[in-house]
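This document starts with one chain, in the form predicted alone, laid out as C-alpha cells.
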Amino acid sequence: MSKHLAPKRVTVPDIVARKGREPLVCLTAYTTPMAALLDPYVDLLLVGDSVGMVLHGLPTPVGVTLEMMILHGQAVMRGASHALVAVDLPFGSFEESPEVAFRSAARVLRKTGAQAVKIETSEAMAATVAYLVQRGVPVLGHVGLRPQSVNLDGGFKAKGRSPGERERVMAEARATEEAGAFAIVVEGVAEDLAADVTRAVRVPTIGIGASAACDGQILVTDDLLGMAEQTPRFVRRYAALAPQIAEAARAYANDVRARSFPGQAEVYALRPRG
C-alpha cells in the first residue's frame, strides 16, 4: 500500500519563477479553518498585520504586536499544507536596525514554521532587507501605500499620482529588488505605475489596488467575502457573508426565545437498560 503523500508546498524559488508567467494567486489568512479552506486554491497566504483591523477591531495596523503575528502565523500554518506562508513584521519590530529586524524575523520563522516575512520597504529599509536575506530570511517587500505609515500619511491614501510620488515608488521597488526581496507587494498605486514597476523589476509583483499587469494579486479575504460594510474601491466582493451570518444569528435567537431549539433532533435521550 502506498503511503499518503502530503501536497508539495510552494517555495520561494517557485514564486520567483512565476515572474511574467501564470499570475500568482494570494490571499490573507489569520486562522486555521480559513487557511484550510483557502490553501488548495492559492499560491501564497499572507498573515497580514491587517489582522489587527479585521479580527481585533483596531483602527489601524499600528497597534499590532509581534506576539499577535506569531499567534496567527501558528494558526495559519496548522491549516495550510500547500501555499507558501508569509507573516508580516508589524510596526516597531524591524525599523530600528537590521539586527532588531533579524531577531524579529528569526523569532517569527522559528515559532510559526512560516517560509517568509513581509516588511514595508523603502530605500531606507533596503539595507535591512539585504541583511535579512544574507542571513537566510526570505523577504516579501511592500511598496506604494504602506498601511503602517498611516499616521505619517494622514490616512490610507493612494500613491503614485504625482511625478514625485511616481519616482519615489519606482525607487522603492528597485531598491527592494536589489536588496534581495523575492517578490514585492505593490499597493494602492496608479494603474500605469504598477505596470511600469512590474516591467522594471526582475521579481514578481503582487498587486492590491494596483494593476492586472502585476505578476499576481492579493486581497484581504474578509473583504473578498463581504464581511465588512465598507471596502476599498479596488476590492471585488465574491460573496456577501455578513448578512448571511446576521440572518443565521437572528433565526437562532428567535428559535431559542420560542423554545424551539433545541428540539428532539438536537438532544440526547436516556439509553434503555439491558
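The shown structure was predicted, so the numbers you read here are calculated from the model rather than taken from an experiment. Residues carry their position along the shown sequence, with the first being 1.
What comes next is about the form predicted together with 3-methyl-2-oxobutanoic acid (KIV), which is not displayed.
- Contact with 3-methyl-2-oxobutanoic acid (KIV) in the predicted bound form, defined as a heavy atom within 4.5 Å, holds for exactly one of T31, T231, S50, S211, namely S50.
- 3-methyl-2-oxobutanoic acid (KIV) is not drawn, but in the predicted bound form it has a heavy atom within 4.5 Å of V185.
- By the criterion of a heavy atom within 4.5 Å, L45 is excluded from the residues contacting 3-methyl-2-oxobutanoic acid (KIV) in the predicted bound form.
- Among heavy atoms of H72, none comes within 4.5 Å of 3-methyl-2-oxobutanoic acid (KIV) in the predicted bound form.
- In the predicted bound form, at least one heavy atom of I218 sits within 4.5 Å of a heavy atom of 3-methyl-2-oxobutanoic acid (KIV).
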